[in-house]
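Next comes just one chain, in structure tokens: the form predicted alone.
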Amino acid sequence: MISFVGAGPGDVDLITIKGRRRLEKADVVIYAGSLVSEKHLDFCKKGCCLYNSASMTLEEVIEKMEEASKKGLHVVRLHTGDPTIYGAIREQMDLLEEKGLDYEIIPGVSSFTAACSSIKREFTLPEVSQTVILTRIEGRTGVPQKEDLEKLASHKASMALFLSIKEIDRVVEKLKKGYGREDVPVAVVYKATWEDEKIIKGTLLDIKDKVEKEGITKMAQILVGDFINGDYERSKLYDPEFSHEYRRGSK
């Protein structure tokens, strides 16, 4: 069996119990060494073969998976965060299916939820935003024109930007145009849940200068929206006047 496992955002304990168990039983582990904490490898059994995919091609990764699988060995492909978000796993799965190899996907805690937890906020607030947009700015990898950052920002929803901190200047300019104002709250979370996590807060007006001053150019989430600061309505869920299936209120 081949298991794609989400290692979580950084803190080694934020992997799921199911993911940890797969890791402990694995005969072969192929891990994203540039992003995944190597502390996860401490849970591998003695004799487990370890491969750092940072220097490997897609074909080399699949070759290792196929070799091990045909020997009846258990393979864990350890990805950062949740593998279904910017994990580049579809191309791996398609090749495995072509070869008739079975696999499973075990989700993990994504860096966007970890970052929001680090700043102690909630993406979805009544009368502020009930939508979260996960996206990135175009770089060496393009973005469909209909998903241009300025267009997405025009919805005024809560946003979490992956893989974009290196382009903070362009990010800010597009967001200003999309939101139509400069005072939109922004939080940049560098290495969310890692021991050296760093949080920078500001607005579209000053976040660029703050980020550049800290020298942050990678491994950071950019959170944007009024969910970070500002007023919001009380949730209906726990409102004593609000009736639902499990509680009778006055309305």
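So that there is no doubt, residue numbering starts at 1 and follows the sequence shown. Just so we're clear, the structure is a prediction, and the values are computed from it rather than from any experiment.
Note that the form predicted in complex with a small molecule isn't included here; everything after this is about it.
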{"item": "Option from 151 to 159, 105 to 113, 138 to 146, 119 to 127 whose residues, in the model of the complex, bring a heavy atom within 4.5 Å of the small molecule", "value": "105 to 113"}
{"item": "Single option in Leu73, Ile85, Leu101, Ile133 placed near the small molecule in the model of the complex, where near means a heavy atom within 4.5 Å", "value": "Ile85"}
{"item": "Interface membership of Gln221, the small molecule in the model of the complex, 4.5 Å heavy atom rule", "value": "yes"}
{"item": "The small molecule contact in the model of the complex: Phe43, any heavy atom under 4.5 Å", "value": "no"}
{"item": "The small molecule contact in the model of the complex: Ile200, any heavy atom under 4.5 Å", "value": "no"}
{"item": "The small molecule contact in the model of the complex: Leu35, any heavy atom under 4.5 Å", "value": "yes"}
